[in-house]
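As structure tokens, one chain now follows by itself in the form predicted alone.
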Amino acid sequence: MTLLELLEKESLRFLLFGGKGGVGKTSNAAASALWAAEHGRETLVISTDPAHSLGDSFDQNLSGGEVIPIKGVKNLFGMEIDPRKAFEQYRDMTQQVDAGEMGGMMGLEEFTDMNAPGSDEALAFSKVLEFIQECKYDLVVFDTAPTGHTLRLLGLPEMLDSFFGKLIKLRLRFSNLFGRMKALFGRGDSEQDQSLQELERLKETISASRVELSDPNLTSFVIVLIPEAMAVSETERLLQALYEFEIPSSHIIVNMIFPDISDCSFCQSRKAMQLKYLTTIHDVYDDFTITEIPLFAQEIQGVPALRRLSTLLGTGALPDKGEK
């Protein structure tokens, strides 16, 4: 089954693209989303990469954390998640008491650890999960962050479940105290109840999303790499995490393959090096569908260039002459 055949699978709801930084995840995610939209599936493509380039791929501003229609393409929408904005929203919701003072008073010092490193990413991803549960798109395509960040994201549903579960328990234990001290904090009971309901709802969303992300009928993770040592090494690390978190993955895109140019010694050297790693990739991952994409002569930017890339994603093999 080629990648485009996977996109035709009616039950597929989530398609995630991941790999080492700089291997072309965004271009391939954007091209896949474009193909799906132009073949009748209402599609949303979301960037969870803090260094957003999704808007650059479509040659359109997608910043701001809102869903934006892609110009000139029916059924296609884009969105770049702002981790800081999502974190600030949930921090405002949860910081209704002084964590240090209340933690000391109640023996709940763990409350002070809630703003741990990476919690902004966690909350941004929770916003994505929350949005997905509510949206009605036929397909959601994720342009994920580089491998290290993606590995953390894969573990976030479980971490968030625990994170917000702990917050909910603390809020319940504080509820009576909040009622007595509402004048001090300037918040009414109804607003506190609403915040608690928000936390409970988010925890339920995270639990539900964990089930969906591990369902091979609904979800697939596409690994993007280039045929070089570091990318191959990171792919193995990413695959181990996918297996650990039970995220289905059956497709690999080997990107930026040099064309065969006989009168260019540099090109021939790079080609020979890439062929060595291509052989390794095919030998090690023989149970995956491997799609080889040539190195484009120009930057892949704008709908026409993405459309050219999308046609190659359906071949499952590198054209003889490469992309000139």
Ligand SMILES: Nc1ncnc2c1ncn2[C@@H]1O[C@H](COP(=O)(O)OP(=O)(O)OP(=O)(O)O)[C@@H](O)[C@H]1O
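Numbering starts at 1 and runs along the sequence shown. The structure displayed is predicted, hence computed values, not measured ones.
Beyond what is shown, the protein has a form predicted in complex with the named molecule; the following relates to that form.
Taking a 4.5 Å heavy atom cutoff to the named molecule in the predicted complex, the contact residue among Leu62, Leu34, Leu44, Met256 is Met256. When you look in the predicted complex, the only residue of Thr279, Gln298, Ser269, Ser262 with a non-hydrogen atom within 4.5 Å of the named molecule is Gln298. At a distance threshold of 4.5 angstroms between non-hydrogen atoms, Gly22 is in contact with the named molecule in the predicted complex. The named molecule in the predicted complex is approached by Thr26, whose closest heavy atom lies within 4.5 angstroms of it.
Looking at Thr289, you'd find every heavy atom of it more than 4.5 angstroms from the named molecule in the predicted complex. Contact check for Pro294: a heavy atom falls within 4.5 Å of the named molecule in the predicted complex.
The chain is drawn here without the named molecule; in the predicted complex, the stretch among 248-256, 213-221, 67-75, 230-238 whose residues come within 4.5 Å of it by any heavy atom is 248-256.
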